[in-house]
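In the block that follows, a single chain appears as structure tokens, in the form predicted alone.
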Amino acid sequence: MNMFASVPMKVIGPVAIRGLEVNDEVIVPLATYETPLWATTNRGAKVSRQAGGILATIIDERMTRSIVLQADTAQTCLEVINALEERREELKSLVSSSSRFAKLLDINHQVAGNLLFIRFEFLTGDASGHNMVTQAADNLMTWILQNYQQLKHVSVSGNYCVDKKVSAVNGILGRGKYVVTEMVIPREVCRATLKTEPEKIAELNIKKNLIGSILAGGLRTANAHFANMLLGFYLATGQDAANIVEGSQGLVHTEMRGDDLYFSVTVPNIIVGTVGNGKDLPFVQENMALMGCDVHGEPGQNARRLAIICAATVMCGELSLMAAQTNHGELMRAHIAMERR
């Protein structure tokens, strides 16, 4: 018997986005129990329209799976690594022959004692790619074990991927879509819509997001609440919501540009897809169509558009909360007004 948990959902926006891949004003659905999230993200969306749009750039994309194998010695691990480096094209051909969309981009490795961790990185078309990369990694592992019988199977996932866990490696080597969003916000917009001064937001970013995160031991992360917007977006679009763990490891950078505020959000691990498990639900299909992410084209185009919209939505919510926190008492007043009955 199928059962469903109901999560309230509303749309915000439109969010104004510009760049090489998306130049559009987009209505965005968010599913959340946190009522103020809609209002605060919507305020950021209003700023995006007033400030000429959010410039969004995809820096990189790849999905990963790491296998772990065992040898008798580290020297054997190294010999296999060197051999595999010489046979990269064979590995790429193996992946392409077994999948229409998976393409092997790169291979990284780590040796710990007699354990060999191999991190495969793939393109996965319009799918987020969890199952696709696991299948490809499984096929690659079978081939490696057949060709290098001095190795033994340990696991198809060795935690060097890294899937749904906080890590440094995802930020360094990449997992998902690496998106940077930027906006220059005039002082008059800060005053009229955000009810603050640009200098206050820039200063708060240093004291709260940067210094506060350092004191807390944050790992490759310095932001106020990326996870809130990511979760709302992921639930509304049928994504694997647990990927907000690595997705929320991102940075806010601000600076004054004359009289205006430069505000940027870097989200290096956005893991989203427009096809695959969960995408056949009627409300998900409606939301994809609403955002223009259901148009057939080159493999990967819809997922890239979705990732850009996701990152822009994260920026809208982050900017609005940061502005609110520059004013004593504003955050709690908003929560009381919207959540207390």
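All residue numbers are counted from 1 along the displayed sequence. In this text, all values refer to a predicted model and were calculated from it rather than measured experimentally.
There is also a form predicted together with a further copy of the same chain; it is not shown, and the following applies to it.
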**Q.** One residue of E89, D72, E85, D259 in contact with a further copy of the same chain, assessed in the model of the complex (non-hydrogen atom, 4.5 angstroms)
**A.** D72
Q: Have a look at A242, A192, L94, I107 for me and say which one sits with a heavy atom within 4.5 Å of a further copy of the same chain in the model of the complex.
A: A242
Q) L55 near a further copy of the same chain in the model of the complex, any heavy atom under 4.5 Å? A) yes
Q) With a 4.5 Å heavy atom cut-off, would you call N287 a contact of a further copy of the same chain in the model of the complex? A) yes
Q. Though only this chain appears here, would G125 touch a further copy of the same chain in the model of the complex if you measure heavy atom gaps against 4.5 Å?
A. no
Q: Indicate whether a further copy of the same chain has at least one heavy atom within 4.5 Å of a heavy atom of L231 in the model of the complex.
A: yes
Q: Give a yes or no on whether every one of P299, Q301 and S320 sits within 4.5 angstroms of a further copy of the same chain in the model of the complex by heavy atom.
A: no
Q. Looking at 309-317, 291-299, 39-47, 274-282, which one sits within 4.5 Å of a further copy of the same chain in the model of the complex if you count heavy atoms only?
A. 274-282
(Q) Residue by residue through 291-322, which ones have a non-hydrogen atom no more than 4.5 angstroms from a further copy of the same chain in the model of the complex? (A) none
